[in-house]
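First, one chain by itself: the form predicted on its own, in structure tokens.
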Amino acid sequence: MLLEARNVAKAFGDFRAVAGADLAVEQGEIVGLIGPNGAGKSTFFNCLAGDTLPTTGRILFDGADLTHASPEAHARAGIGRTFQVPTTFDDMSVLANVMVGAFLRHPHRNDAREHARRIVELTGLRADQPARSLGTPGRKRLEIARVLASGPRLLLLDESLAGLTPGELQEAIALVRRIHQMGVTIVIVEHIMEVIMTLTRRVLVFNQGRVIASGSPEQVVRDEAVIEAYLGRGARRQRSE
């Protein structure tokens, strides 16, 4: 088991954003996290990445307890993440941006540059292109490249495929598959069901801070609790009539 989250909860004052969630991810899996807005999946995701400390519960990565570890410690352990809104160093080239991630495993500049070049080629970017000239699809791809250059064993993708045209979406799905074929385990938060249905074999559905369903994409989309969470009780009644 590569990643284990055990009874993870996160409270902000009296509000419980996550109320005891469990997740176990084996090496080589692609697991999806879905749920309506405000369901708690992003908070749970941030706990996995080390950007938010859980109130209770434990998070283990390859047997090591990272529950209260810093984001930097998560990265060094082999967990990389993207953000919903990608950030870039606009005054730097694509290659220089990716080198920022490469320095984590390759402290010597020449080694970092060569490693970053390989990642840039993998992601289909142009090394000498200024980062500021990239549109949303390019910025998302650049952030994935920078994280990938840090050598993660587990990649946490936070809506990295949102906001793309149908053609761009297919290219992004192909990129995620290439990354997975490199041996990287992936946990992905996404609202686009095409992405979930295409890439994942197992999905966890969040609602009101709890996991309400778990299974294959085909199973969870037929689950009555999931239908109610997304569409309301009226939709559930209509299905039963």
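Note that residue numbering follows the sequence shown and begins at 1. Everything numeric here is computed off the predicted structure, so don't read it as measured data.
Below, we turn to the form predicted together with a small molecule, even though it does not appear here.
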Within 4.5 Å of the small molecule in the predicted bound form by heavy atoms, the stretch out of 59-67, 33-41, 210-218, 168-176 is 33-41
Would you please decide whether residue 84 lies within 4.5 angstroms of the small molecule in the predicted bound form, comparing each non-hydrogen atom pair?
yes
4.5 angstroms heavy atom contact with the small molecule in the predicted bound form for residue 226
no
- Can any non-hydrogen atom of residue 17 be found within 4.5 angstroms of the small molecule in the predicted bound form? yes
